[in-house]
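Next up: a single chain in structure tokens, the form predicted alone.
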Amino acid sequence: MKINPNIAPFAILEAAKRISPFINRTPVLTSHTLNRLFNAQLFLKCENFQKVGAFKARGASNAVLSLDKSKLVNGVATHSSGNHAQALSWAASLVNSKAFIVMPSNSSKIKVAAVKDYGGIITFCEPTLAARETTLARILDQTDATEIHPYNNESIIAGQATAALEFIEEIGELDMIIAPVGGGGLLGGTSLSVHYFLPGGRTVGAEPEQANDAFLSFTNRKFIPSVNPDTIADGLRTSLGYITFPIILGHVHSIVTVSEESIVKAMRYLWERMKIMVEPSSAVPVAALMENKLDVAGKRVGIIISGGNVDLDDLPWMKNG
């Protein structure tokens, strides 16, 4: 077994133990209709039922709970379009610490409101990675807070890996697990859990065509950043990190891309047929199946539904029909 030198199996198992008193062990749902549609056995790990409505609660709580108390005195800080912002604000509240959050100006209103509800102190910036990073650097200088990067952090990745660990523990043998990819924390963590705990299993990433930096980076075997991506899947607009990219190169088997139209179609399908509230990013793996980007016929396939934070006054089919 090839072991990542910094995120070994025990790090994932310890993360699961550390965060278990605080997070939900989310349900795995199935659908006869979906199985028949794709001629496969599909299992959906519903992180939309997680604390703060997304898998990000796993990584954020693991990162915060792993810190020495001296690192929490001045609070924690990050940049995030929404779900990590909520998660870090919530996790900081568990230890009575402050959370300083840099959010792009185009962040979802529902996610901004949630960050405030969890006690996060928000600073808005232009919706570019450069603006996010420079604004965060200024906040860190002003507050001396401890940075908790949304994905380029080993404790974050180990925490995100616990979703796939639970998946494997509950369902057993799976031929593949599909996860959406933005910064790579969830996909990287999933690939490590599959590698360590599901021998013979495959990890597949799914990404919007209009934010396809992970696909390009994976295909070319070199880092290609995301530049002003324009996708409805707001949680997947970020570039891979220098920690997540090598993990993905080493343990992910393929990455596929999907259209905006398919994302909306898959999202609506999950709402209407499975009665679960999912956000656009969560629908991307199902969109990949709808576009026949993966051969799943006759296979047992796990899909991580990453979150369910949506603005009910701005649903995509209200604009797209």
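One rule holds for the numbers: they count along the sequence shown, beginning at 1. Computed from a predicted model, the values in this text were never measured in an experiment.
Unshown form predicted together with another copy of the chain; subsequent notes refer to it.
**Q** Out of the stretches listed (26 to 34, 290 to 298, 60 to 68, 249 to 257), which one is close to another copy of the chain in the predicted bound form, meaning heavy atoms within 4.5 Å?
**A** Result for this chain: 26 to 34.
**Q** Is another copy of the chain in the predicted bound form close enough to R132, T146 and Y242 that every residue in that trio has a heavy atom within 4.5 angstroms of it?
**A** No, none of the three is in contact.
**Q** I'd like to check something about P280: if you look in the predicted bound form, is any of its heavy atoms closer than or equal to 4.5 Å to a heavy atom of another copy of the chain?
**A** Looking in the predicted bound form, residue contacts with another copy of the chain do not include P280, since no heavy atom lies within 4.5 Å.
**Q** Check L42 for me: does it contact another copy of the chain in the predicted bound form (non-hydrogen atoms, 4.5 angstroms)?
**A** Output for L42 is no: heavy atoms all beyond 4.5 Å of another copy of the chain.
**Q** Indicate whether A8 is a 4.5 Å heavy atom neighbour of another copy of the chain in the predicted bound form.
**A** No.
**Q** Contact between N48 and another copy of the chain in the predicted bound form at 4.5 Å, heavy atoms?
**A** Answer yes; at least one heavy atom of N48 falls within 4.5 Å of another copy of the chain in the predicted bound form.
**Q** With another copy of the chain left out of view, which of D175, E169, E209, D117 would have a heavy atom within 4.5 Å of it in the predicted bound form?
**A** Result of the distance check: D117.
**Q** Out of 259 to 277, which residues reach within 4.5 Å of another copy of the chain in the predicted bound form, heavy atoms considered?
**A** Result: R268, W271, E272, R273, M274, K275, I276, M277.
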